[in-house]
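The chain below stands alone and is given in structure tokens; this is the form predicted on its own.
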């Protein structure tokens, strides 16, 4: 063991393992080894789908760390996660069934070897994205702190992940918030086929803890007692509220990166030497119990598991889309319909009121983002604090405190990933990304984590979080502050996407989004923030996935969302006054899932449709709607569906160019008149 702490003082030298703890640790290691040895034989038969990565050589790490954890504590894992699953107590029979893709698997066949999870054991999932679980563990630790339930989160990851940006963002976030999380780097000397000494700037990854003012320690990952002692100290420290620890466990990769790896990147002698350094055999040599009986018991368990897995049913192909979204709707008893008496207010006021109402109603709702609280955490809230770029969170920290309204570093990947983990661990976070143009910074956390967790883990996970972001052109903000990106978000299964057009819909949809059990992308067009309109007082909600008719008409359907609804209403008024054309305006409100029933019913009646979308035309929401309308009501259309979209370019800065880029009421009117001429 080698200490490398960024904090003053030293830890006690050991946390001694009792005889019972030694025996339990060895039994866990033997169970992991037995599982992986049997897997090599069974995979070679060719009837197990996919890829598998075994844990040979790192058994003391999983066993030594998880010995200190209960089912309530949380771990995140890697594509090489079988050992972590077994050490955390996951059912072996259900694990084997998952390897075969069967309905009885832990994830109902949706995850496979690289994505095994068991939420009942606090195992928040193996993650095939390198470093993908690190920020999730930070979020789980954040949930523990907010809920005050005493849980500790542990993230297992490899040396390759220590060079990912999410590693650095997550350690920084965990440190500044002093979260109860332990980062365990299993350094086996290879990032797939790249040697660590080539890819990493330091000899010991644990020294990077110094940059984040947290405890860091190097342990001998082949020595169960060393791992047990140092993991115990780190977990105890986390439980006492003394912050995170980075543990680097030096282990030997006894086998290749994956089963079947030809290992051309290391010599035959290197491979032989690695397999001789067997930590399980070394520790078993001093066992004080009947090893043969233990091994026989493990073999019987595996025999039964493999027999059951091969006999288990496949998932029903008809259920291929099951678990993409939550099947549980928010409790309707908690919904409040919009009151009949209304007052006027602004769009940004509507967002603010929705956030405040949600936080008052549910202590699990927290807000994370940059500049949302004016430097909270360093002292009292600053006088005149911004409350976010547009002022939507102004004053919330005074009411709810810095534990629930959290200023973050400029670390979109880190705090959005933490929001995902916090949602999976019991909170309902709202993450403020400022501009949609910044969301590519955290695209992995949105696309590979938030959107896929429920499906990939067979319905075990819920990810009740909201991603607020300002979007849209027209404010002369240039190409990197003006994107809509709704065409990207709506293409991702597992996300819900809403784009309210008025203060009333903004408030009602945001309140519902926060209570939804799925991740919701909440798009707020920047041009709308200062617009005013009716704004009901108090708590009320509008359903996600339901469009509304904003203006009745008979001759053509104008279909839009967000700021484009105002453009459609302007065009409808001009058509009525100047051309005696009666246009119906459909406000989609939700872009995913689309309310195709309302759209189709409108178009069946008017027999003409114009779709207005501020995104570029290719693969846009407009294109999806045009295809949907054509497929469903083609025989009733009197003209082809018209698409009025932005230009197929990045958003330009020069005012004449940006005006030309954006869809306009003139274009809508011309499209409708052309339909009538045709």
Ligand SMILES: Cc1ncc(C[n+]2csc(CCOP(=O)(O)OP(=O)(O)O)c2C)c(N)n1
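As the structure is a computational prediction, the values presented were derived from the model and not from experiment. Residue numbers count along the first chain shown, from 1.
In what follows, reference is made to the form predicted in complex with the named molecule, a form of this protein that is not presented.
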property	result
Which of 599-607, 537-545, 226-234, 125-133 lines the interface with the named molecule in the predicted bound form (heavy atom within 4.5 Å)	125-133
Non-hydrogen atom contact residue 188 with the named molecule in the predicted bound form at 4.5 angstroms	yes
Contact label in the predicted bound form: residue 525 to the named molecule, heavy atom within 4.5 Å	no
The named molecule contact in the predicted bound form: residue 192, any heavy atom under 4.5 Å	yes
4.5 Å heavy atom contact, residue 432 to the named molecule in the predicted bound form	no
Heavy atom within 4.5 Å of the named molecule in the predicted bound form - the one residue of 364, 79, 394, 102 that qualifies	79
Of 152, 161, 427, 509, the one that lies within 4.5 Å of the named molecule in the predicted bound form (heavy atoms)	161
Sequence-ordered list of residues in 542-570 near the named molecule in the predicted bound form, where near means a heavy atom within 4.5 Å	none
